[in-house]
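First, one chain by itself: the form predicted on its own, in structure tokens.
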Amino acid sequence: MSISKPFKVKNLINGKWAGADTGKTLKSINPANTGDVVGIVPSSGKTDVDRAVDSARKAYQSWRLVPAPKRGEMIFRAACLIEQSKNELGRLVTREMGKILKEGLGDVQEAIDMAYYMAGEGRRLSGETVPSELPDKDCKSIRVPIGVFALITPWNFPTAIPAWKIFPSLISGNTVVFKPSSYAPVTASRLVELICEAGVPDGVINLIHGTGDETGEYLAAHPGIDGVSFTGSTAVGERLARVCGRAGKEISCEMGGKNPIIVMDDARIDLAVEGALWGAFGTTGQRCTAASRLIVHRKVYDDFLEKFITAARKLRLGDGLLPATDMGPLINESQMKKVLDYIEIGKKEGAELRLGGRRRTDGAFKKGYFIEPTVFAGAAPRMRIAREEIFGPVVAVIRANSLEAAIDMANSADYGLSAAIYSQDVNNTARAERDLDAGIVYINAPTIGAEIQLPFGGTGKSGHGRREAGGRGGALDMFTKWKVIYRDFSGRLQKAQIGG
């Protein structure tokens, strides 16, 4: 395939696009073909961050006073513009981070859905009105914005996850400084361009490129930032939570997962295999909700395993822009090495490598970070490959003797993001949805596929603070604070709880 010229990407501060004060740049590389430089982006330093935060603070004073329905109209226009650019953005997602084109387009569709959903919140943002115990007095609670938010996003969903953060923040009346991953900056920049085109005023959204260590952590700790919404690794999220806790800042961290699928003896095996295949190898296993543990009842273990391996063997590895490809590359060399290291750990732990386990470097694969779909059988819950997040196309298949044992195994990891069960017995599924310690539970579906109108997040090492996305308990609870108002129109002093 022909290689396009690299995009020249800039920071956006107070409505103006410019390079970093440092003059330094980073390259965004196509992980399917390292000879393809997708973009040249700024490597921002502290002064860039300072100016972006200052811009957001100044813009906040006027943006918070814009009526929420008017903010919603701008977000609605942004949704329309993103929808019109869906094919362009989807191809850019695939080229920059490697997922197959169908998934790239799905990534963009999720951003569109979130934009439309949050545009509608401009006419809701509901509080509560309740009766007073005193005459000629009324009581209500309202949502109000918090201030300036740092939004720090990963590379695996370069339009969807930014949308999960940007649109709830803006509809709530906050201003933002957005720091996308340095591995998917071009897609993020194009998303911001469309939001600005929709009429969002200068300074309301600011975009800063750079590394996580130098740019992201300085931004999160900045005294001008009132809240932080972060999606990324557990190690970084826990560190940022400590920093923000000491500073008294609001923070939400959506982090890792070690997500199980339980397959019971009464499950529809072909459906379970299909779901496990998608859950394990969709996005090359590079999802926080990826199904990396398959806990299978002993009565159907052998049948399931053979069908699963047969199906996984048919997956076609390659460039995600090619229509025939089922699974793309890992994002970069360091992630590829991490996955290969875990494969060696699995072998040493005594798990049986039944499929894959190798990097592909032949032919069209020689310039990319490709690892075959990998399946370990005979894994035990105590093994590292069954407890630690690998973030790649590696699955541990574990045998269970009962539903109770399977649920105990599912809950034995330190993570609690997403879990699933395949069973035709309503009593099995009822016990599983009650007892699985996870923020999201699927019945007869894989661990991936969350929809934007409900909260997203997990327990344990999977999440800290408020949840993402929509619905009660979702992102609006992160990006607003409650104010209670009592109005007394009696014309005399009344004392609640006293007298009467």
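Numbering starts at 1 and runs along the sequence shown. None of these values were measured; they are calculated from a predicted model.
Here the subject shifts to the form predicted in complex with ligand UN1, a form of this protein not shown in this document.
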**Message:** Taking 4.5 angstroms as the heavy atom distance cut-off, pick the stretch from 445-453, 32-40, 427-435, 46-54 that is near ligand UN1 in the predicted complex.
**Reply:** 445-453
**Complete:** Answer key: of T94, T289, T175, T153, within 4.5 Å of ligand UN1 in the predicted complex (heavy atoms) is T289
**Fill in**
Among A280, M114, I161, L170, just one has a heavy atom within 4.5 Å of ligand UN1 in the predicted complex, namely I161
**Message:** With the partner left out here, check for me: in the predicted complex, does some heavy atom of F157 sit within 4.5 Å of ligand UN1?
**Reply:** yes
**Message:** Can you work out whether E103 and ligand UN1 are in contact in the predicted complex, taking contact to mean some heavy atom pair no more than 4.5 Å apart?
**Reply:** no
**Prompt:** Could you tell me if E372 has a non-hydrogen atom within 4.5 Å of ligand UN1 in the predicted complex?
**Reply:** no
**Message:** Is it the case that E121, even though its partner is missing from this view, gets within 4.5 Å of ligand UN1 in the predicted complex, heavy atoms only?
**Reply:** no
**Request:** Would you mind checking 89-119 for residues with a heavy atom within 4.5 Å of ligand UN1 in the predicted complex?
**Result:** E110
